Each structure stands twice: as structure tokens, then as C-alpha cells.
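A single chain, nothing else alongside it, follows as C-alpha cells in the form predicted alone.
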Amino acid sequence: MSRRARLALFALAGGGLAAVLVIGFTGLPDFGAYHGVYGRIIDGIGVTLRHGTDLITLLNFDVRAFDTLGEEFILFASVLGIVLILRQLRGERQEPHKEEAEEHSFARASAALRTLALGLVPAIVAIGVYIVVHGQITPGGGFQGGVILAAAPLGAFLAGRYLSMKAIAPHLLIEWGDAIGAAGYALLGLSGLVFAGIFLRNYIPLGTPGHLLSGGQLDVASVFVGLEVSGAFLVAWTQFLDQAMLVRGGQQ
């Protein structure tokens, strides 16, 4: 495509986007005005009908659970693209030898940093699990807890123990976690179609609001999303770190 054609295409797309933004901005409500019809509906059904005391999790995994399914598979597809590209770039080479991995530039961590980083790993895991399973009660859920869980193995990396990080989060385990989380959420929706007649409709008995098992499918959906998010981030991070190690190894 020529430069003139690209500029013409940009002018057409940019002009259309600018017009849409102007129309949207001029139609915004005044400051302080609240026209949240859907917000009032969610406030009304959150605790009484869905038994979820955290309305954000209720919104993600019940009211707009189908949108969350799309978001989950966007993340899954993005990480799949990273894996395919980086594996092709490195030509499926073997992982670096232990000596090379232990002597990479990140391994020069002080004793204080190693002790603190390794000591934080179990604490981060515990916090991540807590956030995932308590999402229907307090602010949190699978997305937030999944990111926290994915950060736990990085403690070993910060301590200069790259191979130890790979032992804590091996490729096979995190790839299975990513796949099981994505597939499990989709199967949860299909089970709603089978047992309740509507995709992603809750059919699991609801408990007492404020208790751990109180949101029906909210609890299960949050766990699956936590698995997918933590697995996806760890797959992406380990692929990038492997690629960095190969590049550094080739320069030595």
C-alpha cells in the first residue's frame, strides 16, 4: 500500500473516530448526575437474589458472565500467540544448562533479597488463594487473585534462582492451568445450558450471604478464572524469560 493510500485510510478512520468521540462527549451527563438504571437493578438483586455481597464479582461472573467468557479467551488467545511466536524464534532449542542459568545477570542478588523474596512466595500464594475464593464476599475474585498467584513464582526469580522458579512453575503445569481454567469456565456455561436451560445460568444452590460458599456458580467461576489468569501470565512471563536467557547465552 502506498503512502498516499495509507494517509487516506488514516484520514477516513481518524475522521470517523473523531466524530464518534465528539458525539459521545457532548451527550455525557452533567457532573453529579446519575442515570445508573442498571446499577440500581444490580443493587437490588445482588444480595437478595444472587447472595453475592461483592457486586463487582457478581457483575463479572453472573450478570455479564458471557462477556467475561470473551475476556478470558482473549487473554488465552494472546498468550497462545506469544507461545507460538517465541517457540518459533528459538527453534525449539533446549533450555540452558544449569551452570548458564545460575550465572545469568539476575542471579547476583544479595542475601537479604534472596531471603525476603523466597520468604514472600508462600505468603503471596496464600493471599492469592484467599482473594480468588473470597471474591463473592469481598473485593477480589479470579482476575485479581490470579495475577497475585502468578507473581508468587517470580519471588524465586528475584532471588536469583531461575531454575527454582521453573521448578515451582514448570511449563507443563502452568499450561495445563491456563487450559483448564479457560475450558472450565466454558464448561460451566454449558452446564447451565444443560441443567437450567440458559447458558451460564446459575443452577448451584445458593448459601447464606456473607459466607464462603454463598454465590452458587460465582465461587466456581472465580476459581476457573483464577486458574486461567495465573496460568496465562506465568506462561507469558516464562516464555519471555526463556527467550532472554537464550539471547544472553548466545551473546556469551
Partner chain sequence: MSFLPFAVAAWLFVIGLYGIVSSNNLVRTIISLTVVQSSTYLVLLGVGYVSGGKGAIFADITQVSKAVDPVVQVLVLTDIVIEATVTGLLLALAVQAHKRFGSLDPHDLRALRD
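Here the structure is a predicted model, which means the values were calculated and not measured. Residue numbers count along the first chain shown, from 1.
A second form of this protein, the form predicted together with the partner chain, is not displayed here; the remarks below concern that form.
A.B. asks: Would you please decide whether V194 lies within 4.5 angstroms of the partner chain in the predicted complex, comparing each non-hydrogen atom pair?
C.D. replies: Close contact is absent here: in the predicted complex, V194 is far from the partner chain, nothing within 4.5 Å, heavy atoms only.
A.B. asks: Counting only non-hydrogen atoms and a 4.5 angstroms cut-off, does F157 reach the partner chain in the predicted complex?
C.D. replies: Residue-level check for F157: no, no contact with the partner chain.
A.B. asks: Would T208 sit within 4.5 Å of the partner chain in the predicted complex, counting heavy atoms only?
C.D. replies: No, T208 stays farther than 4.5 Å from the partner chain in the predicted complex.
A.B. asks: Consider I137 of the chain shown here, and say whether it contacts the partner chain in the predicted complex, taking contact as heavy atoms within 4.5 Å.
C.D. replies: Within the cut-off, so yes.
A.B. asks: Looking at heavy atoms inside 4.5 Å, which stretch does the partner chain contact in the predicted complex, given the options 125-133, 165-173, 142-150, 112-120?
C.D. replies: Every other range fails; the passing one is 142-150.
A.B. asks: Given a 4.5 Å distance limit between heavy atoms, list every residue of 172-196 close to the partner chain in the predicted complex, or none if there are none.
C.D. replies: Residues within 4.5 Å: none.
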